[in-house]
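In the block that follows, a single chain appears as structure tokens, in the form predicted on its own.
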């Protein structure tokens, strides 16, 4: 088998420079407008978190379903998922100083004059809120560490019992993931507007995570092969399946987005409609309409052909497109809560994206250097290497 031991070369240094530039821009933005920067930081954080959470769901599902085709790309997802440990560190500034800045419900005087927030006070209080967040990240970090550690140990030992153990415990893992991801999205995104209700929002954020991880796996695999790695292990057949899953989950995102809109539209409840009313005015309306085309219509018709899914460059292009479309989507979810009069890009938006993104990719490259790029002795590896689409 061809080279599977990765060397990042200058990659880590480049992303450290990106991180430093982002930190400098963020520091300036923080001094200019601390509240605006808090929203910018939260947007970038939730975007990069969605990638690792999508990776966690992907890895758990591969073990749970005893998938054979995906073994050669699973290590990429495992390394991406392991960034959850570092994302737990990056949320500390928000926990320490950002809660009062971001969340209206955290101010006692505001709750005292608001019957709706009073009804939610037992759930939205600082101690319970922070405790939930700590528990969520503890669950994610433990799962991410365990999945990667067991997989890497099997590279040496070849112990088939590891595969059975991963399959067994992924049942519990996927339940914990679903509950924690849902309540995290309620806490850190939906409660930015404490009056808003949406029973489908946890699924919406999951759909963002699914689009993010399949885009990411395709991009990383493609760039690895451009550098001469895993060319024989990851074939056009694997890209074809990744493309089908990306296409399918992007359609799923559109379905969930439409369902959320439809439910709120015909329900016509005063607590729900302000969410879309705000996003249907000014430049937010422009972005709302544009997202229909950017995130769904253009990728759908570009991507529907089997030919595109089996053309690596074409697949890479749509993966990059949807990667940034996913950021726009999360920006659209969060930023109208502060920029109510219209959309505008700030220095904090750019700085936060570069800072968190730089660290995200630095730690990903660093981790990829520590183990093989594919699970070497997974019992389903031969099946994956021989995989073909029907």
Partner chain sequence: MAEQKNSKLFGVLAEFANPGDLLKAAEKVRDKGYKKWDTHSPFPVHGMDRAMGLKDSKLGIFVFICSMTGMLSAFYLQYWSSKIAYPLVIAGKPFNDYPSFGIWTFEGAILFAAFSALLGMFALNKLPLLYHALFSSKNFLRFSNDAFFISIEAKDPQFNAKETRRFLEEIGGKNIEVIEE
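Residue numbers count along the first chain shown, from 1. Computed from a predicted model, the values in this text were never measured in an experiment.
Although it is not shown, the form predicted in complex with its partner chain is what the next lines describe.
Query raised in the report: With a 4.5 Å heavy atom cut-off, would you call residue 113 a contact of its partner chain in the model of the complex?
Result: No, residue 113 is distant from the partner.
Query raised in the report: Contact between residue 388 and its partner chain in the model of the complex at 4.5 Å, heavy atoms?
Result: Yes.
**Report entry** residue 262 within 4.5 Å of its partner chain in the model of the complex, heavy atoms
**Finding:** Within the cut-off, so yes.
Query raised in the report: Quick one: is residue 304 in contact with its partner chain in the model of the complex, heavy atoms, 4.5 Å cut-off?
Result: Within the cut-off, so yes.
Requested in this report: Tell me, please, which stretch of 262-270, 141-149, 205-213, 73-81 lies within 4.5 angstroms of its partner chain in the model of the complex when heavy atoms are compared?
Outcome: Stretch with heavy atoms near the partner: 262-270.
Query raised in the report: Considering 128, 258, 183, 293, which brings a non-hydrogen atom within 4.5 Å of its partner chain in the model of the complex?
Result: Going through each option in turn, the one that passes is 258.
Report task. Taking 4.5 Å between heavy atoms as the contact cutoff, choose which of 232, 281, 155, 237 touches its partner chain in the model of the complex. Result -> After the contact test, the surviving option is 237.
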